[in-house]
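This document contains two forms of one protein chain, each encoded as structure tokens and listed individually as structure 1 and structure 2.
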Structure 1
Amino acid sequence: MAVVALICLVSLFAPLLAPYAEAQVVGGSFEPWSATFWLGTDSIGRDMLSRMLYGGRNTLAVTLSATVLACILGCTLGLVTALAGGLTDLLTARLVDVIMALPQLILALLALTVFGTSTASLIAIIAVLDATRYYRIVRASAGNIVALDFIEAARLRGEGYVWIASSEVLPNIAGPLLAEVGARFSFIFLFVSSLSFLGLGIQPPLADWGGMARDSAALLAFGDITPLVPAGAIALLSISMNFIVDWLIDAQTGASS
């Protein structure tokens, strides 16, 4: 929890904290760790520490936008199809089956080839792909709720769709959904970092941890652990996020039993 909060805060105030600008060339190529450059410099002489701070900010921003977008998209689709049933439901389910019949990474790479690697298309592609997971979760849990007697009772009262979706179904799936948002956030964060690592995510000159890990990889062969810093930071954030999710799930099962 503290780790996540710290990383978020640092990312938020990156421009204030960073000693140098994001893309400013301030030293030689691959300078070692020193008092001037705490984490050394990268392949073209930019300050690693400053890029670490900005990189977290960039990756988190992309992750957050993609998560929110995916959640809204997936939840709406899931709720609507669960309540509507029939052909709409069937067709959506089949379409999602096809999308999910492929590894997400492969589809993302395919889409990135077509739509290019701009930040906007990156966010949109990830959001659309990830919305399928939200759709599955929401469709399944809403499907369980919709089968319950109190929904039938509401229908027999002559309630409209909006009331049933917002007052009868949504409060009952909010808990698992929240945990899912956390888990997906962590996944998307890893996913964006991996894409950037492959050089297909966040594009230079913008900094990001995945790209930095790749850029400085050569140092590893000389026993310099600098590449482990951005890679480790990714792991740290993702692991802490997962702990929060586990804690959320525990709190829920504890409350319900």
Structure 2
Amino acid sequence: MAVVALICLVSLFAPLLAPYAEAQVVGGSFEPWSATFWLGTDSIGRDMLSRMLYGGRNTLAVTLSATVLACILGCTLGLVTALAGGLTDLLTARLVDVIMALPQLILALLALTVFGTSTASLIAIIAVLDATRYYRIVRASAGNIVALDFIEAARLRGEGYVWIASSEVLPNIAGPLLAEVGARFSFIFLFVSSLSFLGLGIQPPLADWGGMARDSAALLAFGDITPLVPAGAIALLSISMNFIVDWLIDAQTGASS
């Protein structure tokens, strides 16, 4: 939690902490680490430390936006189909099965090629693809809840779908849903970084850790560890988030005891 909080705070205050602007050219190409440029410069002379700070800000913003949107879409669809049942549930489940049967990376690459690589398109495409995972969790959890007597009692009282979903079903699936949000945040963060590494994620001149690792990867052949800095930041945040998710699951299920 401390690591994640530190990364989030540093990324949030990147404009105040960065010595240079995000896209400002301040030196020569691939200058080494020095007192002037703590992490050297990139291929066109931009300060790597400044871009690391801004890159965390951009990557986290896209990841958080996609995670929230995917959660809203997936949870809404899962709750609606669980409460509606019948043909609606069947058709939705088959559609989700088709989407999940296809490799997510290939679908994202095709969609980004068709709709463009803008930040809005990136967030929307990732959210739609990842909403299927939320749908599966919510549909399975809510399916067990809606069969219980207190849901039937609420229906007999004349309560609507919205009230039942928000007041009866959601509170009873909050535990697994919270753990899933943490896990999906980590996966989406890695997915955004992977797309950026392939050149279809966050686009220049915006900085992001995946793109920075790709742009400076050639330096590894010369013994320069600069590409490992953004790669290490990606790994550090992902591992930290996984530890938090594991803790949440343990606290929820009592597995550690």
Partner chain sequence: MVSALPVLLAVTDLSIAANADGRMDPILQGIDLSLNTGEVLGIIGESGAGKSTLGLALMGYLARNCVVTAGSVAFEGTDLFKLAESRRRDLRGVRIAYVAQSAAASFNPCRRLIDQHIEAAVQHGLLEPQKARDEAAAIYGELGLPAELALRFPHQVSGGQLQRAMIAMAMSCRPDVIIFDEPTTALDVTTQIGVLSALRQVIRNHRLSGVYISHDLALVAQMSDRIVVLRHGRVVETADTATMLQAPKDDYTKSLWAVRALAKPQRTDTGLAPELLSIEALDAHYGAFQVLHNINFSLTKGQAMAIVGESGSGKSSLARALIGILSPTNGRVRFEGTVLPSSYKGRSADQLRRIQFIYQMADTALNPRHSVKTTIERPLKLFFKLPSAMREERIRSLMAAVELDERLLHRKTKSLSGGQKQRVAIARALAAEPSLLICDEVTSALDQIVAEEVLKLLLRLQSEMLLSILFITHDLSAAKAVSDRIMVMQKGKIVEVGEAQQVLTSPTETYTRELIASIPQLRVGWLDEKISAARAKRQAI
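Please read these numbers as outputs of a predicted model, since none were measured by experiment. For the two forms, the rigid core is made up of the largest set of C-alpha atoms that agree within 1.5 Å on superposition. Here, residue number means position along structure 1's sequence, counting from 1.
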item: Assignment: the form predicted in complex with the partner chain; value: 1
item: Core-aligned C-alpha movement of L87 between structures 1 and 2, 2 Å or more; value: no
item: Distance the CA of A147 travels between structures 1 and 2 [rigid core superposed, Å]; value: 2.7
